[in-house]
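Only one chain is included here, represented as structure tokens and corresponding to the form predicted alone.
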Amino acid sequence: MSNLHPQLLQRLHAAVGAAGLVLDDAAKAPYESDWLRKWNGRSSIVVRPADTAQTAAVMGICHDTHTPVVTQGGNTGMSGGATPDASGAQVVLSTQRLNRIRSVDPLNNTLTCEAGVLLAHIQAAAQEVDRFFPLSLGSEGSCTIGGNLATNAGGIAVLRYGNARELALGLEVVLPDGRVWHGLRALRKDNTGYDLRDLFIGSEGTLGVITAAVLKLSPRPVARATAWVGARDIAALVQLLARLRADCGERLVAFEMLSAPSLALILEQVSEVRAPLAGEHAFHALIELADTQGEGLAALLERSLEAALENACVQDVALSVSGAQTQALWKIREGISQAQMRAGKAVKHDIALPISALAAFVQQADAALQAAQPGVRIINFGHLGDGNLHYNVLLPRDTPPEALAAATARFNRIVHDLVAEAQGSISAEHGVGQLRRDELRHYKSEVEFDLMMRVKQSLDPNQIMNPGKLI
């Protein structure tokens, strides 16, 4: 406790009670490392406020004592944005006890909940009133909506419904000095000044603590049509995407891409999956339509894919004819993270590009990486429908830490320079955190970075909010 203000523990205990503090080393351990075990730190105190008032009291105390705060939800992030440093001087503020769904309004198509509610619980609450909350991630059973909003999470339904930013109408936020912004407005139109909501969404806990949100619900789809296709290259899949958008409109909810090496890795490492197509294809796509009216949906997808086959956009197609087949196809796509962890050490790139630039980028990046390290294993997959690639390089499991660090720096510069040339983003949906913090300064313009710093200084003058992350 020597690194902390002498009265801090006493004041925090008065604010949240014994139930709101975690002080035992073994009990604190899960809060001090990310789920990938890539980032590890130490916190002398983990604080778990039970409501917004307690959260405000905690932030007021930390502001007064200049104590740095790391806000943490489900701790499922991919960029080290919710892990304390090694100093022991940072307090972890966990939102786990902020876990109430406050209201559901099916007529207004909104749901108001606290930041610590699990994403899967929000989806279930929407379904209970015959509505649909479309944000969907592999970690939805353990990630929280506060973390989803803080990182502007994406997932598999962005193509139709947008990122987390598009799914939130209002926020409640505790500011660094303990004041509360009550912005829980369930409105589609509100032209009364600056959009403060969008300052906090995607800010990764550097500007305040999101404690609650009004979320946008949609009509619940009652029918789905799913297919797996094989294609010769990315350009062919981009053509197919354009055709499906024209033919199917907003019914197109997912267009997931896997390169042949990515599919091979999954088949090698994940049990109870098999190749959907008999032939060899350089790229694959998992496509899904959804609608509130089921009649004709499968026929619509079949007609569009038949035309794509005739025009050579794709080489082969497998249409799902049952719920079990659909689940089997999605199990393949969802197995990629597990496959990479089992097979080696991945240098990961979560990038976004204009869809029209994807084919040229992949060709250039593949060539540049092979020139830098012949035979390198590129695992390229992602949400092709919204231009988000997880363009990773897989190294052997026994790669020494120093070699991994050197390879990461070398590969990052190759990939991210090409992304910048294509007017893309080096962080599409995972956030910046610690992983991309230094690179962000390299790729942001001086004006843009200065504006971000001015916002940070205005809201957090004591610089206590998630230091060492994002900026």
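Position 1 is the first residue in the sequence shown; the rest follow in order. Given the structure is predicted, the values throughout are model-derived calculations rather than measurements.
Not on display, but discussed next: the form predicted together with a further copy of the same chain.
Proximity to a further copy of the same chain in the model of the complex, defined as a heavy atom within 4.5 Å, holds among Asp291, Asp85, Glu334, Glu140 only for Asp291.
For the options Asp366, Asp233, Asp316, Asp190, the residue carrying a heavy atom within 4.5 angstroms of a further copy of the same chain in the model of the complex is Asp190.
In summary, the region of this chain contacting a further copy of the same chain in the model of the complex, judged by heavy atoms within 4.5 Å and restricted to 158 to 166, 69 to 77, 118 to 126, 341 to 349, corresponds to 158 to 166. Although the partner is absent here, Thr144 lies well away from a further copy of the same chain in the model of the complex, with no heavy atom inside 4.5 Å.
Mapping the unseen interface onto this chain, Glu302 falls outside it, with no heavy atom inside 4.5 Å of a further copy of the same chain in the model of the complex.
In the model of the complex, at least one heavy atom of Gln239 sits within 4.5 Å of a further copy of the same chain. In the model of the complex, a further copy of the same chain sits within 4.5 Å of a heavy atom of Pro461. Residues Pro276, Ala308 and Pro396 are none of them found to lie within 4.5 Å of a further copy of the same chain in the model of the complex, as judged by heavy atom distances. In sequence order, Arg131, Thr151, Asn152, Gly154, Gly155, Val158 are the residues of 127 to 158 having a heavy atom within 4.5 Å of a further copy of the same chain in the model of the complex; the partner itself is omitted from this view.
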